[in-house]
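Just the one chain here, the form predicted on its own, laid out as structure tokens.
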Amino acid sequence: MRIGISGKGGVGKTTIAAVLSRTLARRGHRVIAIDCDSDPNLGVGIGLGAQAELIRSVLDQSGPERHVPVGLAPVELLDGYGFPAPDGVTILLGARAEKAGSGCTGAAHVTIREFIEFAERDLSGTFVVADMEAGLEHLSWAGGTLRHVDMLLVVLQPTSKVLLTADRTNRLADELGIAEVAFIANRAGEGDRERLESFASERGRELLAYIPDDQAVLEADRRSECLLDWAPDSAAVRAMESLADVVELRGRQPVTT
């Protein structure tokens, strides 16, 4: 199953992607976690610490010209660029901004889009979890980086700017024909539940998870640790494990397009 996690900057996409990836891996699934942000943090969030800087990005900026691999099957791309993470997760990094004024990362997005497209064929039974860059470009350029995901999870918080981005994301996902779109509430109080449930319902979508505001998330971030390691029994982790239950169940069902 191929999953994209999207939302406005700062809503908690990376923490959710990290905990979801490792939770699924602990349950015996093969998991590929893709960091699609040019300012990547998924490696740290998933528990690699300083080793995250060793992840080789698909976009090679070491020479005078930028280069990305062309025509590689998913297994070949993983052999060359996959990096081992805790619980058996493999991380794939699209691009890391390393040089000022060096140009866009569109070529890397094309490679990641193609990896996601063919992962279902070549890596059957694998969960692919793509942590997207903030904003909407992953749905609007390079043919739509997330065009071929089976499920798009859009992270919500009860602010007008976050909800505006979520609404735009929902509309673009519809235009791309993404099979399933659902919302996740993160760092929201119980008093916000009705508003967020109404937001999802008005768009014909599910509010798939409600992750509470939890001090443990901030403390894990301060320590550069994965939340799953720092506070495995925290309320936020329990909510994300419940999200994994739903994702795991959907992954067993045939995808209809």
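The first residue of the sequence shown is number 1, and the count goes up from there. In this text the structure is predicted, and so the values were computed from the model without any measurement.
As for the form predicted together with a small molecule, it is not shown, yet the points below apply to it.
**Student:** Quick one: find which of 50-58, 66-74, 193-201, 206-214 has residues within 4.5 Å of the small molecule in the predicted complex by heavy atom distance.
**Tutor:** The contacting stretch here is 206-214.
**Student:** Even though the small molecule is not shown here, does V11 get within 4.5 Å of it in the predicted complex, heavy atoms only?
**Tutor:** Answer yes; at least one heavy atom of V11 falls within 4.5 Å of the small molecule in the predicted complex.
**Student:** Taking any heavy atom pair closer than or equal to 4.5 Å as contact, tell me whether D229 reaches the small molecule in the predicted complex.
**Tutor:** Result no; D229 lies far from the small molecule in the predicted complex.
**Student:** Does the small molecule come within 4.5 Å of any heavy atom of R113 in the predicted complex?
**Tutor:** Outside the cut-off, so no.
**Student:** Quick one: does N186 come within 4.5 Å of the small molecule in the predicted complex, counting heavy atoms only?
**Tutor:** Result yes; N186 sits at the interface with the small molecule in the predicted complex.
**Student:** Counting heavy atoms only and using a 4.5 Å cut-off, do T15, L218 and D221 all touch the small molecule in the predicted complex?
**Tutor:** Each of the three qualifies.
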